[in-house]
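Just one chain follows, in the form predicted alone, and it is written as C-alpha coordinates.
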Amino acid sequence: MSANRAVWGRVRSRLRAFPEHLAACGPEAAAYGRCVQASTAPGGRLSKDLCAREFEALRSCFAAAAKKTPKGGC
(Lines give C-alpha, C1' and ligand atoms only; values in the text may rest on other atoms or scores of the structure.)
Protein backbone atom coordinates (compact mmCIF):
# COMPACT_ATOMS: atom_id res chain seq x y z
CA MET A 1 0.00 0.00 0.00
CA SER A 2 2.90 2.40 0.66
CA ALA A 3 4.11 2.00 -2.95
CA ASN A 4 0.70 3.19 -4.14
CA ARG A 5 0.94 6.17 -1.80
CA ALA A 6 4.40 7.02 -3.16
CA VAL A 7 3.11 6.96 -6.73
CA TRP A 8 0.24 9.31 -5.87
CA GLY A 9 2.66 11.60 -4.05
CA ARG A 10 4.77 11.92 -7.20
CA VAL A 11 1.67 12.54 -9.30
CA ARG A 12 0.48 15.27 -6.94
CA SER A 13 3.86 17.00 -6.97
CA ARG A 14 3.87 16.99 -10.78
CA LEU A 15 0.38 18.43 -10.90
CA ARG A 16 1.35 21.16 -8.43
CA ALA A 17 4.31 22.08 -10.64
CA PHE A 18 2.23 22.23 -13.83
CA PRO A 19 1.27 25.94 -13.58
CA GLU A 20 4.92 26.94 -13.11
CA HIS A 21 6.00 24.93 -16.13
CA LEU A 22 3.21 26.36 -18.24
CA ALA A 23 4.05 29.92 -17.15
CA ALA A 24 7.65 29.36 -18.22
CA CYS A 25 6.39 28.57 -21.74
CA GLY A 26 4.02 31.49 -22.23
CA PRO A 27 5.10 32.47 -25.76
CA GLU A 28 4.94 28.87 -26.99
CA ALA A 29 1.54 28.31 -25.38
CA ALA A 30 0.23 31.53 -26.92
CA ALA A 31 1.49 30.56 -30.39
CA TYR A 32 -0.16 27.14 -30.13
CA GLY A 33 -3.39 28.72 -28.90
CA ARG A 34 -3.41 31.22 -31.77
CA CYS A 35 -2.89 28.39 -34.26
CA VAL A 36 -5.76 26.33 -32.85
CA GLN A 37 -8.01 29.39 -32.63
CA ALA A 38 -7.31 30.35 -36.24
CA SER A 39 -8.03 26.78 -37.32
CA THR A 40 -11.40 26.71 -35.56
CA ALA A 41 -12.55 30.17 -36.64
CA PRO A 42 -15.54 30.29 -38.97
CA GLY A 43 -14.44 28.72 -42.21
CA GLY A 44 -11.36 27.14 -40.63
CA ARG A 45 -10.86 23.43 -40.26
CA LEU A 46 -8.93 21.89 -37.41
CA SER A 47 -7.21 18.74 -38.58
CA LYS A 48 -4.51 16.47 -37.29
CA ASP A 49 -0.99 17.94 -37.41
CA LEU A 50 -2.21 21.34 -38.55
CA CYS A 51 -0.53 22.98 -35.53
CA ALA A 52 2.13 20.30 -35.07
CA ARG A 53 5.07 22.73 -35.25
CA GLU A 54 3.59 24.97 -32.55
CA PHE A 55 2.65 21.97 -30.40
CA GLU A 56 6.16 20.51 -30.67
CA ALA A 57 7.66 23.85 -29.59
CA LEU A 58 5.31 23.93 -26.58
CA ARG A 59 6.05 20.29 -25.70
CA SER A 60 9.81 20.85 -25.91
CA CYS A 61 9.62 23.97 -23.77
CA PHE A 62 7.45 22.23 -21.21
CA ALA A 63 9.84 19.25 -21.03
CA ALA A 64 12.81 21.59 -20.54
CA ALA A 65 10.95 23.48 -17.80
CA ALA A 66 10.06 20.21 -16.08
CA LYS A 67 13.71 19.09 -16.11
CA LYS A 68 14.70 22.27 -14.27
CA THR A 69 12.41 21.37 -11.37
CA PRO A 70 14.27 19.42 -8.68
CA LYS A 71 13.02 15.92 -7.92
CA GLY A 72 10.46 15.97 -5.16
CA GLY A 73 8.20 18.69 -6.50
CA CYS A 74 8.09 22.44 -6.77
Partner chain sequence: MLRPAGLWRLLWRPLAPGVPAENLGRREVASGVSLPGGTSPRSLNIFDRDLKRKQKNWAARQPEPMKFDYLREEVGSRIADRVYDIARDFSLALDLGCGRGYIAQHLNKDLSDLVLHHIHYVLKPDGVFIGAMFGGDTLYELRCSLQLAETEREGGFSPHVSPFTAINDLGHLLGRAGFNTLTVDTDEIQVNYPGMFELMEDLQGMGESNCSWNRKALLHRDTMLAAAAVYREMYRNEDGSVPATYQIYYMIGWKYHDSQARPAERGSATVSFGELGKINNLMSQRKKSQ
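Residue numbers count along the first chain shown, from 1. Quantities reported herein were computed from a predicted structural model and do not represent experimental measurements.
Just so it is clear, the following notes concern the form predicted together with its partner chain, a form of the same protein that is not shown.
In the predicted complex, none of the heavy atoms of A64 sits within 4.5 Å of a heavy atom of its partner chain. Although the partner is absent here, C51 is a contact residue: one of its heavy atoms lies within 4.5 angstroms of its partner chain in the predicted complex. Of the heavy atoms in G33, some are within 4.5 Å of its partner chain in the predicted complex. For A24, no non-hydrogen atom is located within 4.5 Å of its partner chain in the predicted complex, even though that partner is not displayed.
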